Structures are given as structure tokens and as C-alpha cells.
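Take a look at this one chain, the form predicted on its own, written out in C-alpha cells.
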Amino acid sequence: MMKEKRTLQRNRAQAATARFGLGMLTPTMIVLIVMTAYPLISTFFYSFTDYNYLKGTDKASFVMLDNYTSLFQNGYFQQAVINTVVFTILAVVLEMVFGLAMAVFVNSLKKGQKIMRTLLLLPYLLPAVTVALSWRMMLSANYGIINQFLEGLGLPVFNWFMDTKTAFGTILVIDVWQNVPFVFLLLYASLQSVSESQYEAARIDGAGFLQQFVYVTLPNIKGSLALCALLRTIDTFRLFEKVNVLTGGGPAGTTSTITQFLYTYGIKSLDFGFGSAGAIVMTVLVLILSSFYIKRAMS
């Protein structure tokens, strides 16, 4: 009898705990549904219509796959997809390499780690628009300090954002400069959890710096590396502010990205049906790229 009573009390306590957990999760789930699921479903629905904001939803009609057909036949969109994929791959690789190098360097310092952390994080703390405007002034073809410096050295100067040879690379450098600190911060935090005893054992076995890095450091932070690469891939794929402020997608579409294309041909023109189709395609591309990191992290 006592055993049955204790079992009943335990079941009631578990049920109460489950109800409490559900009650705590409910507000978060509601917010996620309202802020994420509903917009995604609406975007998917409107991608099959000719919805234009000026006409309103009442006059929108189904056009089936016409938006997607027009999208993939659009040469500007094709160029934007290529630019976005290439930019994302280059940016993520460079950010991971430089961020990891910075994290290893700062983690190896005996003194001054706090000061170095603060200084290295400053670029990431600035808003993207502020960074873009600052670099636009420094790289100005007329009064930019960088061109004046190059001219003083007798080197050629460039119209960095209006030259098809330099515009893409310039935005890439600016984006990498701003976001390397994010990679550094995550990997530096991960390095803090690596036991010093592992390095001591490796040194006793005669391992040098490179061997310690390959056989001790990398295996311990591989999860953080995959997470960091995933986050940077998703964020870089949505690149918009820098392109919009610095080049507007030019010159000749060399810096156009998917988000810039959708802004120009969807948002500004109020053709939300066409823009929604582009947003769905962009989401699918992000999921495809992200799946490689997720699969790698789970293996």
C-alpha cells in the first residue's frame, strides 16, 4: 500500500513538472510561431501568386511556378547567386583561418589577454552600415586616405567600388575584417576549455607546436569550428548592408548578391510575389550549404 502511494506521488510530481515545463515553453513557442513559422508560410504562399503591394492581396491571383521560372531565367539573378555563393565560401574560409590564428595566438599569451580581446573585438561591435560608411570614406577615389597613401608611395590608385576588378574583393576584405573577431571570440572561448595537461603530455612525447595544434587543439575544438562555420555561412549568405551602401550591386552586377537582387526587384518594386519566390530559393540554398556543416558536426 505504501509502495503504491509513493508511486502515485512520484507520478503526480512528474506530471506537475511536465506541466510546468510546458507552461514555460509555451510563450517561447508562440513567439517562434508568430515570428518565424507564419512569415515563412506566408512567403511560400505568396511565391505562387502575382501579389503586388499596390494592388493588395484581394487582387492577387495564383500564377503557379511563373515566379520561379522568371527568377531562374533572369540573368541578374543567376549572377547574384554565383556572387553570393563565391563570396560566402571565400569569406567563411578566410574568417575561419584568421579567426583561428588570432584565437591560438591570444590564448598563448602569458600577459595582456584581456587587452588583446578587447582590441580585437572592436570591429565586430560596430554596426555594418557604420563600417561600410567608414571604409567608403577611407577608400574614396577623391579624398580617401588609402588612395592618398598609395599615391604618396608612387603606387597606382583605384576607384575601389566602381572598378569591376576591385569592387568584389574590396567588399570581401571589409566583410572579413569586421567578422573575423566573431570567429575569434567563439574559438578563443573553446580553447579555454582545452586542458593544459593534454599539451603537457604532448610536449613530453616530443610534439612540437604544429603537432600539438593538429593532434590536441583541433580535435578538442572541432565542434566549435563546425558551429562557427555554420553561423558565418548563414550570416554571410544574407549579406546586404555593405553591398547596398557601397556599390548597390554594381559595377555591372559584379557585387550583386541575392538579398540585393531581392531588394531591387522585389521590395523596391513592391512585387512581393516575385520577391517571395527569390526568398524561398535563398532559404533552400542556405539549407543546402548548412547541411554540410551539420552533417560534419554530427559525424
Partner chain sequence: MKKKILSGILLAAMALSLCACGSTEETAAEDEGTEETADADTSADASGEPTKMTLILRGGAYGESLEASLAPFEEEHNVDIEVMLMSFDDLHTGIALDAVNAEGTYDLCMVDGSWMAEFTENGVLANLSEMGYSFDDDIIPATTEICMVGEDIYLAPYYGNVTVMMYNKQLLEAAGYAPEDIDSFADIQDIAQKTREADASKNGFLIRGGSADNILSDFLPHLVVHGGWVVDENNQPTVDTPEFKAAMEDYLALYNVGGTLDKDDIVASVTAGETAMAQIWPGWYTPTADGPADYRTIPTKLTDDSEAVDAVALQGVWCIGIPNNAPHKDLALELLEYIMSPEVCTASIANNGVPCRYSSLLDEEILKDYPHLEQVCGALETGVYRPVIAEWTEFTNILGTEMDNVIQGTKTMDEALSYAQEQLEQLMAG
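Positions refer to the first chain, counted from 1. What you see is a predicted model, and the numbers here were worked out from it, not measured in a lab. What we label the rigid core is the largest C-alpha set whose atoms superpose within 1.5 Å from one form to the other.
Another form exists, predicted in complex with its partner chain; not displayed. Remarks below refer to it.
- Shown here without its partner, the chain carries Thr247, Tyr265 and Lys268, all of which come within 4.5 Å of its partner chain in the predicted bound form through at least one heavy atom.
- A single residue from the set Leu32, Leu40, Leu65, Ala252 has any heavy atom within 4.5 angstroms of its partner chain in the predicted bound form; that residue is Ala252.
- A heavy atom within 4.5 Å of its partner chain in the predicted bound form is found for one listed residue only; from Val129, Ile115, Met162, Leu125, this is Met162.
- Checking 74-82, 106-114, 217-225, 190-198 against its partner chain in the predicted bound form, the stretch whose residues place heavy atoms within 4.5 Å of it is 74-82.
- When its partner chain is considered in the predicted bound form, Asn11 lies well away from it, no heavy atom lying within 4.5 Å.
- For Thr170, no non-hydrogen atom is located within 4.5 Å of its partner chain in the predicted bound form, even though that partner is not displayed.
- Mapping the unseen interface onto this chain, Gln212 falls outside it, with no heavy atom inside 4.5 Å of its partner chain in the predicted bound form.
- Of the heavy atoms in Phe44, none are within 4.5 Å of its partner chain in the predicted bound form.
- Thr283 shows a C-alpha shift below 2 Å between this form and the one not shown [criterion: core-superposed Cα displacement of 2 Å].
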